[in-house]
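The chain below stands alone and is given as structure tokens, in the form predicted alone.
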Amino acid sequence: MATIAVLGGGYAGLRTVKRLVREKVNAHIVLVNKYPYHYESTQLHEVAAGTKKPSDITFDIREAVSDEVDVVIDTVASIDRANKKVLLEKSGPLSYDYLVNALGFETETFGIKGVEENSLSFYDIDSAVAVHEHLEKTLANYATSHDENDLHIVVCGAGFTGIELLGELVHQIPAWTQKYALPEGGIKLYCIEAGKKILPMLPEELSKWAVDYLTEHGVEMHSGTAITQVNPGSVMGGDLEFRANTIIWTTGVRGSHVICDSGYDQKRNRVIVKDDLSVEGQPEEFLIGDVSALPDPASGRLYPTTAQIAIAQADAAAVNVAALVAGNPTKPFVFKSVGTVCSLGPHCGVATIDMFGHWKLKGHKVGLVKKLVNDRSVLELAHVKEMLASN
């Protein structure tokens, strides 16, 4: 019996194994993940800000998948593609006949000096918790330090992650001010972004509304300001220096380092795949999610790395692997977006919804939309009980 190895238990990997089971593929399915749990990566910013606990966005992988799937909790070191083996740090090599690589993302520093040493980033549960603990500790320290920089928070980057984090931080300011007896208006939020346009994937009216909302709630937005260096306690952007004892890096992501370490032809640890999501010259290998790069046939530009696309790719990859196992041809991946939701705290946001027409939403109603999106994700990837437990 053939073995299908699926690497990564994020949105894409977990969806892949569930779809393979649905396809009743005649193969041994193995899911490899670093952690025994799945976490909703699109909600890590909420854990970082402290508006959610880790238990709110995680569930046990073994309970979420069929007994037909073997789950291996281990870290992928590299892939011996010539011999079709996944090299694991603890368990030894895992041989496969078909591979679906969904190993996810890592923080991208773009080689800017001082980023790794002097800023915080979040890419999993532990790092998000570390950001939250640093925030609480630094704000509490003001009572004895009287250092205004303990109350200054710089968010580097104004992509989706940075904007959604700022929304959560804005929401938390009143609670922190009361908890630590801080001066009213003492907590200062700064956002530094190299691009001139914030949230360019959204219509102009919605991106402007989001920026205005954050500005009205005290965030200093500095677009068109390229970061040149991060020092202990400060960020240099052009001729400006932003001083803060909390610096959070959200400027971008790259694919897992396993891609580079395994000899793929890659850029930023992303591999351009064929239209069926397989690797050129390796028809038994499929790359999806953050480690893949696929041009949109309509625009020629690469699809962005979003959870929505990753889940759609997972379905397509699973169907294509099942087709290969059965001796049938694969099909091209076709993607149609159902919209974009950007939260600005637990109860506010902006969104475009491309279902039953084209909708542009802003304000408190988006909070409900975001909750429905998150609940649907948990429902599809796990079970109803996990969705109910997260409410």
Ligand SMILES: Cc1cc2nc3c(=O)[nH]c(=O)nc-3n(C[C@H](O)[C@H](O)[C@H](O)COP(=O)(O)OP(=O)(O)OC[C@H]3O[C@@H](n4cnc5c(N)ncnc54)[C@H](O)[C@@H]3O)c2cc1C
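Just so it is clear, the model here is predicted, and its values are computed rather than measured. Residue indices: 1-based, along the sequence shown.
Omitted here: the form predicted together with the ligand. The next part is about that form.
Asker: Picking from 158-166, 135-143, 182-190, 275-283, which part of the chain touches the ligand in the predicted complex when contact means heavy atoms within 4.5 Å?
Answerer: Careful reading of the contacts points to 158-166.
Asker: My question is simply whether Phe105 lines the interface with the ligand in the predicted complex - judged by any non-hydrogen atom within 4.5 Å.
Answerer: Heavy-atom contact with the ligand at 4.5 Å: present for Phe105.
Asker: In the predicted complex, is there a heavy atom of the ligand that lies within 4.5 Å of any heavy atom of Val341, even though the partner is absent here?
Answerer: Although the ligand is absent here, Val341 would touch it in the predicted complex, with heavy atoms inside 4.5 Å.
Asker: Would you check, heavy atoms only and a 4.5 Å threshold, whether Asn149 touches the ligand in the predicted complex?
Answerer: No, Asn149 sits far enough from the ligand in the predicted complex that none of its heavy atoms falls within 4.5 Å.
Asker: Would Phe242 count as touching the ligand in the predicted complex under a 4.5 Å heavy atom rule?
Answerer: Residue-level check for Phe242: no, no contact with the ligand.
Asker: Pick from Ser234, Thr109, Thr306, Ser127: which residue has any heavy atom within 4.5 angstroms of the ligand in the predicted complex?
Answerer: Only one listed residue qualifies here, and that residue is Thr306.
Asker: Only one of Lys360, Lys34, His28, His347 comes within 4.5 Å of the ligand in the predicted complex by heavy atoms, so just point that one out.
Answerer: That would be Lys34.
Asker: Taking the ligand in the predicted complex, which residues along 204-235 bring a heavy atom to within 4.5 Å of it?
Answerer: Nothing in the stretch sits within 4.5 Å of the partner.
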